[in-house]
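Consider the single chain below, provided in structure tokens and representing the form predicted on its own.
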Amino acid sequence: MIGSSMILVRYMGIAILSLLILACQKETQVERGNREKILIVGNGGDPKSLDQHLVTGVIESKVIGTLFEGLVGDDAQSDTAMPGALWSDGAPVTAEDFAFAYHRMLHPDMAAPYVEMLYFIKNAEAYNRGEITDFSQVGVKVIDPFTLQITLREPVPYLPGVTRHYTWFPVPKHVVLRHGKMAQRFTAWSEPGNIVGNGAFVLERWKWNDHILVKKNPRYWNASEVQLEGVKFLPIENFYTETRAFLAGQLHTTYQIPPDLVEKMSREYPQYLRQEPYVGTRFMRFNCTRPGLDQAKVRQALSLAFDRDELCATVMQGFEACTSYTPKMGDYSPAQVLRFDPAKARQLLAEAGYPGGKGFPRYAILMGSGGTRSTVEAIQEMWKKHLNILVDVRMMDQASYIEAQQKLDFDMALAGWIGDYLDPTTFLMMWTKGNGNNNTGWFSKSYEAMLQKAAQQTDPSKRLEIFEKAEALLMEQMPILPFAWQARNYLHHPSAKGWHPLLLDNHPFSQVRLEPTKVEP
């Protein structure tokens, strides 16, 4: 009897343990994140780097924004160069770190792809292009450890917004130089175990193609107000996969949902769906060095045969068919020049030497793994129907997709641009010669002259008028084919509080909190 009782108790213990295991398995990642105060974010892919002088993308900006901050932040008192601000290794943050960062990014050897963001500084462009070699002539001067003087080349009324961008963040001079020379590219200073930041979080772990985890920085100047213990970024490139992961309780917030799922999410999961304005444009880049595509008439024909209204109504739901490249912002309202006119498109294609589509090259549309195949298929069908031409699809992983554009190793490429600040220059400046984000092989001296003229204009209304003329020229030459103004369509769990609609989607994670919330099905 004693033996039987012991066996019974043992089996009961196993049964109870099994039930406990099953109960634990029912806890979703979101529930666990709420308990541990770890926000789980879909981020669209792995960053190319965490060195802010080597990247240009939104994916990188999300992570870099947790590790670093600049002269202007989302709080009125968040001036990083204040006395007492520390790097995450305990070293003081000084004005010298900012000056060193700007010197590094502008150095010609650095070949920073987004260096134009600093061209607002006096003589910055001349130094970057090698026209002057003495950095002391650039408008960056350290007055004392906590005072940085910046002299601009032109009036920049939107400067506070510009300096919130990661290209204006400091880098830890003592750490960068420990791992190489100032302008040496891809050194180990920004890798896990070495990287030192001044933001609300520090890099805890980076498991490639799995996740990035940042943990709360105890040395952050405002650490007492940071309520999250960490942020976990998941590099899910396929947005259908990301949507399934969210609905399975694996994410607090997604990067985006596929446009063709917007209606379904609105109908079945309205408690999660967020639809918010977003300053961005979807477009197609043309490689203007390719035979055929080097003709403006061909590019214009492809644009005129593009039914943007149909695309946004049937495929890119939640987006708005664009009538110009730059989205409306403030008082800037560019001419509505983009239209659907297949008859005119066929005429231009014939004038370019391809009547009825005969002899037209068999181009391919490049897309990244995060792109939506249905969008490309709709484009293929439009051009086949209205111009009698066929185009193929070329899909790459996100990193290879970006690299191919930078090397002009493509015919056409689906792309998008999100404004870095609320001024038309964030959209128009990228199409200048040598700009690291141009990637079309096109440039125009007349276009750049207009941008320079606008930069010197002190009258706000006249300044915008010049930009409108510049954009009209850009759309006439058509090195890009804009087709939709962006919208933020994504899924967000209500337990993540302090998350508000923002035109630039630049959410300060230091101000987000997690409060477990019961969600009605």
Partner chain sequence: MKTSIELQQGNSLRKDAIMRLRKNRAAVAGFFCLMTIAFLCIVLPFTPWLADPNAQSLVHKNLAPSTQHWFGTDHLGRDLFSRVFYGGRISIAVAMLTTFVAVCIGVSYGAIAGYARERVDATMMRVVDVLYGLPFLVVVILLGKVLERMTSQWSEWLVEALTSDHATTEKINEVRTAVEPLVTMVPLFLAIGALSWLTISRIVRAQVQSVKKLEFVEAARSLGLSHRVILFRHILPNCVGPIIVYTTLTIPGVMLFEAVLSFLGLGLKPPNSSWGVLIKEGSDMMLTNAWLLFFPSLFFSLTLLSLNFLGDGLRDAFDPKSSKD
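Residue numbers count along the first chain shown, from 1. The shown structure was predicted, so the numbers you read here are calculated from the model rather than taken from an experiment.
Below: the form predicted in complex with its partner chain, not depicted.
This chain is displayed alone, yet in the predicted complex one of 213, 376, 450, 71 has a heavy atom within 4.5 Å of its partner chain; that residue is 376.
This chain is displayed alone, yet in the predicted complex one of 341, 392, 154, 229 has a heavy atom within 4.5 Å of its partner chain; that residue is 392. Shown alone here, residue 240 lies within 4.5 Å of its partner chain in the predicted complex, counting heavy atoms only. Mapping the unseen interface onto this chain, residue 362 counts among the residues with a heavy atom inside 4.5 Å of its partner chain in the predicted complex. Contact check for residue 264: a non-hydrogen atom falls within 4.5 Å of its partner chain in the predicted complex.
Not displayed here, its partner chain is approached by residue 369 to within 4.5 Å at the level of heavy atoms in the predicted complex. In summary, the region of this chain contacting its partner chain in the predicted complex, judged by heavy atoms within 4.5 Å and restricted to 290-298, 322-330, 133-141, 378-386, corresponds to 378-386. Of the residues in 132-147, none comes within 4.5 Å of its partner chain in the predicted complex through any heavy atom.
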